[in-house]
Structures are given as C-alpha cells and as structure tokens.
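The data below hold one chain only, encoded as structure tokens and taken in the form predicted on its own.
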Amino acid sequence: MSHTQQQIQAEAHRLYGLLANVSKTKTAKWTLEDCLAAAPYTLAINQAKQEKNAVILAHSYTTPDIVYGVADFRGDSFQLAQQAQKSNADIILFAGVWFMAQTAKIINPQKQVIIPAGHAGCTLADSMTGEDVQKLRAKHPGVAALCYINSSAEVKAQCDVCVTSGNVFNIAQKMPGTELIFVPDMLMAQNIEIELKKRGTPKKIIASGGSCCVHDKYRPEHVEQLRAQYPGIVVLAHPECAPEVCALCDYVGSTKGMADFVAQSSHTQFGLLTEGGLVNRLEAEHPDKQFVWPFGTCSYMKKNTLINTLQALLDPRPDQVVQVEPALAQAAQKSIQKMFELAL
C-alpha cells in the first residue's frame, strides 16, 4: 500500500484543513507536519477498508486523526450502536473501548468486529459483573433493572433495558413502578433520581457499580473557576458527573447532546466538563467558538491509534477480534433491542 509523495502531500493538506483549529495538546494545535506524519496511515487505512468492505466507527473520545482521518461514522455510544445495526459492511472496526465493540458484535453476530485497542477497558464496565447484577436483583425481586451501555455483555444479559446517557432519563421515566435498579454508574443513578423528581415522576433508584474515571473528577469549584475566569461562559457537563457539579452547569447531557447544544447555541464561549476528544471535535466543527476544557482524558480510548487501526484491518490479533458466546449475545441483545424500542 505504498503511496506517492504527491498523494501523501494531498492527504496531509486534507487533514490539515480539518484539524488546523484542533488542539493536539493543551498549548498546541495540530500542525501540517503532524498531518504529514499521519497521512501515510490514513491513506493506507482508507484503501484497506475499501478492499475489505469494512466500516470504521469512531467514538468522539478517540483522537482527531482517527475521527477525521479514517472514520466513516463518529459519535457517542448510541449513535454508533445505531450505525452498527444498520451496517452492510463485512467488517466493523470499532475505534473505542471493549464494551462498545462487544455491543456492535451482539447486534451484528454474523459480521467480524474488530477493535484496534484490543481489550481496552472502562472503569464503569469493569466495575460490575453479571453475577453482581443477579445478586442485586435477588435482593429486590420484581424491580425493573436498567443498565448503562457502558457495561459488559454479561451485565446487559441480566438487565431489562440498556440505556445511554442520551436516552436514560426518558427511558427511566417510561419504566413501570416506583423503584428502579440502575447499574453500573453510581453518579448517573443519583442524577436519574433528581431528574425524575423534577419531571414529577419520582422513583427510588437502587444503584450499584462504579464511576467514570474522567467525569467523576470534576468538582463544583471547577465550575466556579470557569465562571470567575470567563464571565458569561456557558458550562456543559455529562450526567456521569456528580449531581452537585451538574446542578451548577447550564446544560447536562450526553456527548451528542452537548454537541447539539453547542451547534444550536448563539453563545461563543463554552466550558466543557467532559473528555478531551469531544473538545477536539467541537473545535474542528465550530472554529468560530471558543472551548475551555479544565482537564479529562480517557487513557482507554486513546489506546486506539492509526498504527494499530491499520494493523487490525490487515491482520487482526486474536485479542482484537470480538467474540460473544451466542446464548450470552442473545440474552444481551434483548436489553439493547428494548432500548431501541423505548428510545423512539
């Protein structure tokens, strides 16, 4: 897959046109030299995916060279789950973390699903097992169980409905009864309880699990510092943040929700309490707006690179090929399918 210097130059300028406004570090933007280094890989990946009839799904938290250089679809967990379900490709390459690629395989059992980062974890998905859910449900018989999409196939198989940060409040509101089990995000569970009370449909949320290693680090003082340093700034947060943080923000929503909010807003300055990959996307898509990002990087997402993406397409290692035992996949698919039905 050798390419001429002219092709590499043209590809580098294409990438630079997309990434010139994007931060590579807190103090530096992507340069033409960065794009020249990426160009041979993006050219080779795009050629390989055509030859192999592959589609590349990239979560917004992966790096900009993947998101804009090779991805066919970019977005949050729910958007990418939908694209996985619609795909006609023979191979789905999921630049994300393991639970996302596993979900794509559950939805597309007949397709090959590969993930460049291999068994890249997630503090939420890794905080709970299917057995943990079984024990929790045994303590609360008859109570419906919701699982966040950031969970393993084993957890999804033990729950009634899978949800995302974009549809969790609406689906929780639709569930029968005055109690709900929610796993595995303890902070999101608190936000669900608060939101349902605001909507006049209060429910007791029975929660277990962990928290996101990015969003659980934000504190109220971070919001206060943003407002003090940038008067008039509009502050956005993810519902994986603590309730006391969310209460101080102007908007709380999913990755897609935050992106949509920025696109529709007349404001020009935003503080973002979320993973840096979304900041990069918004910088690329809204060069006329300013984004202030205190901190927050998911090291698991960043394990996806152009180098291992190309390698996975050409010759995937066993740990990069996603397999889900058929009976488990069938059980997990029920909760995912219920999400698609209730999210309409």
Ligand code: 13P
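Nothing here was measured: the structure is a model prediction, and the numbers come from that model. Note that residue numbering begins at 1 and tracks the sequence as displayed.
Another form exists, predicted in complex with the ligand; not displayed. Remarks below refer to it.
- Proximity of H59 to the ligand in the model of the complex: non-hydrogen atoms within 4.5 Å are present.
- Residue contact with the ligand in the model of the complex: H238 places a heavy atom within 4.5 Å of it.
- Residue contact check for Q158: none of its heavy atoms lie within 4.5 Å of the ligand in the model of the complex.
- Shown alone here, H215 lies within 4.5 Å of the ligand in the model of the complex, counting heavy atoms only.
- Shown without its partner, this chain lists A71, M100, A84, A117 as candidates; in the model of the complex, only M100 has a non-hydrogen atom within 4.5 angstroms of the ligand.
- Only one listed stretch (168-176, 108-116, 218-226, 144-152) carries heavy atoms within 4.5 Å of the ligand in the model of the complex, and that stretch is 144-152.
- With contact defined as any non-hydrogen atom lying within 4.5 angstroms of the ligand in the model of the complex, the stretch 275-294 contains no contacting residue.
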